[in-house]
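One chain follows as structure tokens, the form predicted on its own.
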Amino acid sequence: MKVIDIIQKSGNTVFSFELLPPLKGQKADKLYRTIDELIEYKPQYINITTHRDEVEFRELPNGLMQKRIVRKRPGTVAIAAAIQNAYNIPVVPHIVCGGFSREETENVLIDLNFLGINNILALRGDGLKFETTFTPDERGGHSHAKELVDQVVNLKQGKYLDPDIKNNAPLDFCIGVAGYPEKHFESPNLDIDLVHLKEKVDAGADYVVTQMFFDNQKYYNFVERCRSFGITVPIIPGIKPLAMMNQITVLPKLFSIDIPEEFAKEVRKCKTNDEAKIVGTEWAIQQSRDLIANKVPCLHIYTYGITDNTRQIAKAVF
């Protein structure tokens, strides 16, 4: 089932969460245990992240530097298919611009269609670590998520990259895109950020899922501003339970978000990461209860491989 249909047919807030594919060389056992621990709370769909190639430099014995291209978390399509098959739960693999050509993207979408997966989250993705600005794949990759949405919509209409393809069957996908309650770190202001979001929605996105936030008012203000911009699709809040003490300083730097002083004050009292996780989980529970009381369409939790706090949140609110 498509995410948009799940949302529209449900009279209540539904539950979803996000998983990372295992690192190369690792088995998928931990990932399946995560799902097993959360399945009783009836997740309506599961997101699977995609990770681009990374560039590493290693020093050789002669002192020269060797450039290597590595992909640390391959297998998004295979993992997504395995989960949907094993658990009969819709999956939402992420499709990113960074590190992929248009041809590779088209082939991944064809594979997903063959596997019966009809949900995707279209993202620009991150640049390489040493880049100051995002650079599209040199083989002809997309520069912005809106271009990626355009490509998916073209495939929904049977328009492939090769105009000579015959019997061009349309591919049917539900498309999610990202939104930023506190604006994307590259946008000069929130209005311009919302202009870009509206472009993605107008291009064919079915719903928006937000970047993490720790102040619900930021989300409510964001939704209100989106509506004033003519963005009418469902806007799903993304929640990240804080799990370590240093995250009150690391997360704002990585994601350009604010930590409410009341929350930060409680975390600063913690002596260990275990104590910080308890505080972070309780904060996320209170956030979730408030969001559900305000009838958000879905509560989407970013697990980042940690499940005990996600389980506590789901148990408390679903």
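Residue numbers run from 1 along the displayed sequence. Keep in mind it's a predicted model, so treat the numbers as computed, not measured.
This next part talks about the form predicted together with a small molecule, which is not shown.
To verify the annotation, which of these, 111, 137, 103, 186, has a non-hydrogen atom within 4.5 Å of the small molecule in the predicted complex?
The option sitting close enough to the partner is 186.
Please tell me which of 72, 225, 196, 156 lies within 4.5 Å of the small molecule in the predicted complex, judged by heavy atoms.
Only one option qualifies, and that one is 196.
Option from 244-252, 227-235, 80-88, 196-204 whose residues, in the predicted complex, bring a heavy atom within 4.5 Å of the small molecule
Within 4.5 Å of the partner lies stretch 196-204.
Answer for residue 213 alone: is it within 4.5 Å of the small molecule in the predicted complex, judged on heavy atom distances?
Close contact is absent here: in the predicted complex, residue 213 is far from the small molecule, nothing within 4.5 Å, heavy atoms only.
Quick one: is residue 126 in contact with the small molecule in the predicted complex, heavy atoms, 4.5 Å cut-off?
Taking the distances in the predicted complex, the answer for residue 126 is yes, it comes within 4.5 Å of the small molecule.
Taking the small molecule as it sits in the predicted complex, is residue 49 in contact with it (heavy atom to heavy atom, 4.5 Å or less)?
Answer yes; at least one heavy atom of residue 49 falls within 4.5 Å of the small molecule in the predicted complex.
Please tell me whether any heavy atom belonging to residue 144 falls inside 4.5 Å of a heavy atom of the small molecule, as the geometry stands in the predicted complex.
Taking the distances in the predicted complex, the answer for residue 144 is yes, it comes within 4.5 Å of the small molecule.
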